[in-house]
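In the block that follows, a single chain appears as structure tokens, in the form predicted on its own.
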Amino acid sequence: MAATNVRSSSFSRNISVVSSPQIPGLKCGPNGTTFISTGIRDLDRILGGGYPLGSLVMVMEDPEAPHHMDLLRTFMSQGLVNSQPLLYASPSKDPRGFLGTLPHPASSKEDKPTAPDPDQGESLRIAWQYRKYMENQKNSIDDYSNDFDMRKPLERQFLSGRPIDCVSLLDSSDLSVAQDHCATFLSKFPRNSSSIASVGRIAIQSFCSPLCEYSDKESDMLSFIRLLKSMLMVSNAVAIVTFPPSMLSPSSSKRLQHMADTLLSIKAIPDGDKELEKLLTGYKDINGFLNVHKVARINTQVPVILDAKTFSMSLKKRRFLALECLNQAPVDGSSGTSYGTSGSCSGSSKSGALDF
């Protein structure tokens, strides 16, 4: 049998793809991309797999609510559960004390959140072979990402013996200390095309906080993020940086957003907003909104097209963080439908010859 000839051109990029990660907590994606979990299953699904290795994630904080801390906590806990080294920096005197607030993974299937199945009525039409395949896919997701109980602190066994480096940004007159820590940390995870020995995670909280002495040196902060991004591109690590955009000039804030591979923002939900309560279903259970402004594109020029860009943040069973597409409340008092259900392209609810 003749071998298949692969046509190449000067515009194609030679990428060595790792067929299957040899360490836990990794997942292969298209174009040779390797993902690590965000720590939130819904966010992994929204971003197409999670955070790609070598990428910089920027999160714009909302001064009205600390919901960005939930993204940091789950991101850090997911790494510690998978024994991935962690570097954490924050504008506090004792950043190691923040480790006591990290959530613990659900211990059993009974503790995990259960989502309603919109296709429950169609389940009888699916062959048992396909259902078995879906169960296998679900088990592989369970091995990749965890559900974290936001009310239960991470047990000591996940903290003791783990390579954790905590850095305080409070008393630093410049970012040289943080830069040295990041450079030393990322040097342990060099990019190797043949295999991945280990991966690292960097979490930087409130990078532009006014509590830091360097907060008025916007050029230094931009240079630090630019250098961090360049170091990440040649390493098997992911960095997530939260910052308050209101503390920066509009030009510096835009430049930070432009340097991000994945850009997210958090918005608090207004208390007692009657108009919003009428507009959205499940308003009382929503804690805030997550906006996806940019999704990382690694080894490709094709943009990522999302079904939605704004998602509600809520706690299922008051314990598990969940992201859902916003649903508009029905105006006629009928029950609303969840996002993703099928419907006609026409605006009328009546079926017609032009509906498809």
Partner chain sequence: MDRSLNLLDLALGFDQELADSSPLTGKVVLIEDCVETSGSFVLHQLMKRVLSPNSSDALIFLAFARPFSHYDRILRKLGCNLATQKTNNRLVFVDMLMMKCSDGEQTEGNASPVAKLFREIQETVRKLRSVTNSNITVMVDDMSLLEIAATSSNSDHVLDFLHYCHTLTSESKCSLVVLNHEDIYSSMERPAFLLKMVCLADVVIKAEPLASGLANDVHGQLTVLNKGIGNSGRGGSSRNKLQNFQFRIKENGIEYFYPGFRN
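Note that the structure is predicted; figures quoted are calculated from it, not measured. Numbering follows the first chain given and starts at 1.
Beyond what is shown, the protein has a form predicted in complex with its partner chain; the following relates to that form.
Annotated contact segment (heavy atom within 4.5 Å of its partner chain in the model of the complex): 225 to 233, selected among 98 to 106, 167 to 175, 71 to 79, 225 to 233.
Taking 187, 246, 160, 251 one by one, only a single residue has any non-hydrogen atom within 4.5 Å of its partner chain in the model of the complex, and it is 251. Residue 265 falls outside the set of residues with a heavy atom inside 4.5 Å of its partner chain in the model of the complex. Though the partner is left out of this view, residue 217 does not reach within 4.5 Å of its partner chain in the model of the complex, counting heavy atoms only. Contact between residue 258 and its partner chain in the model of the complex is found at the 4.5 Å heavy atom cutoff. Put simply, residue 316 is far from its partner chain in the model of the complex: not one heavy atom of it is within 4.5 Å. By the 4.5 Å heavy atom rule, the three marked residues 32, 298 and 301 all count as contacting its partner chain in the model of the complex. Heavy atoms closer than or equal to 4.5 Å to its partner chain in the model of the complex belong, across 158 to 188, to one residue only: 179.
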